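Listed next as structure tokens is one chain, alone, in the form predicted alone.
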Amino acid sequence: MDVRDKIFINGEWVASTGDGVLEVIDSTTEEVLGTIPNGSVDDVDRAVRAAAAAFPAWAATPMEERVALVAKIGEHLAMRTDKIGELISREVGMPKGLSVPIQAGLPVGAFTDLAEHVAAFPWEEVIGNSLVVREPIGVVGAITPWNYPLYQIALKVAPALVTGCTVVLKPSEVAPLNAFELAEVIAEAGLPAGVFNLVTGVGPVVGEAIAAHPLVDAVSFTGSTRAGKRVMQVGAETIKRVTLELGGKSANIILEDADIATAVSSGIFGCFMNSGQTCSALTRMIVPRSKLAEVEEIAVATAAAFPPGDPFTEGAMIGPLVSAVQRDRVRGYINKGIEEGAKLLIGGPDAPEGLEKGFFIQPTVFSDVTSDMTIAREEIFGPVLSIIPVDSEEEAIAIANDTPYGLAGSVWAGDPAHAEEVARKLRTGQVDINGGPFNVSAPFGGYKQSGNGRERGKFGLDEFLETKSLQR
């Protein structure tokens, strides 16, 4: 049991004024993994006031010192990667072989690679008789999700600190224990009191209190579109900046002349990664009708190579979902797909054989999906792929764009220039061309109801800065 009975405010571990505790459940065993304080509005007020008091001195600290301290946090995190990877595997369900480099490793990089992005950023610019300068926005409220918990925290906390902002963090109550590891590291690194604060609790209480607080200058939120809308509504009362990274229903367009075997197998991985609990998951595979039989055969064979299992078994690729609520939600979508007439190729709503305990779901592939079906329109957040056959490239592009979301996408073609031409027509924040690899320095964020603003690299600094013009 990992019992966390205090929150982190003004450089100290202090008791919460909230009522009771929240249990954290091991996604594989369904047993209680730990407990955290169920924070209160008063906790948020204390944390925000500490952050506001610390802001002037932190903003005035030389950039080189801030960068060095943030890099030191990353270095200390690196000493805990195995521990953090195992912890997040228990919280979220990602197999440890993936969790250590991804769930623990990516956050390390987010803290340690900022020096190069700071160096490339246009902090000052002369325009005519004006000196245009960029200044820290102030107190940042960071509200983060459970699917990549520490990485999403790092993508907000690291650039906020480097730019001179102070932070109040509310991690997801579903996977919060890794945030306590970060708070311990921050204390070890010697960050000044009040610069970073951690308050745990539920969104309707702690999250809304952060979004509503008049001393919070900006909120950076990652989570569901429904919750993001609420954060924006609450934040609007004080006209604070609200940056949102929300849901997705990303399309993987495979064109007639693409390498079908590579495109389909890569697309399966892009859908099933982290048991499908990824906002940018490629959940809609749009393929030429003439290639449908070939695509189905490869998809079934590839999906069969992703058997769910204990995330601590060597070579495991798919673990459980994060919670019973999420498992039941995904099962509901699978049943909906069957009811609406989609062709079930592999998987289904039943628990995988031999895995009745734990929040496991069979990796599932549907074919003959039409763009008006529920499974083609709503974010499922589980290992469920919809194959949509089309009769033309124009139809593929239209279906890809026929969604309220616009977070990610993929295009495969024999001619890379043609693939890029199609990618430019997609209304989405990022597109992989012929399996282009993940780039930690590229901007990440969405169009439409996938949110606003961008994270990562030098682009992630912009969200935490104000622009001032000095006329001379």
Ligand code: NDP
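Residue numbers run from 1 along the displayed sequence. In this text the structure is predicted, and so the values were computed from the model without any measurement.
Absent from the display: the form predicted in complex with this ligand. The rest refers to it.
This chain lacks the partner; the member of V216, A303, I143, V167 within 4.5 angstroms of this ligand in the model of the complex by a non-hydrogen atom is I143. When this ligand is considered in the model of the complex, only one residue from K72, R134, K336, R230 comes within 4.5 Å through any heavy atom, namely R230. At a distance threshold of 4.5 angstroms between non-hydrogen atoms, E91 is out of contact with this ligand in the model of the complex. Within 4.5 Å of any heavy atom of this ligand in the model of the complex lies no heavy atom of S265. Although the partner is absent from this view, A54 stays clear of this ligand in the model of the complex, with no non-hydrogen atom inside 4.5 angstroms. Although the partner is absent here, G354 sits far enough away that none of its heavy atoms falls within 4.5 Å of this ligand in the model of the complex.
Heavy atoms within 4.5 Å of this ligand in the model of the complex are found in exactly one of 119-127, 95-103, 285-293, 377-385, that being 377-385. Relative to this ligand in the model of the complex, residues G270, P389 and V390 are all farther than 4.5 Å at every heavy atom. Using a 4.5 Å cut-off on any heavy atom, the residues of 185-205 that reach this ligand in the model of the complex are, in sequence order, G201, V202, G203, P204.
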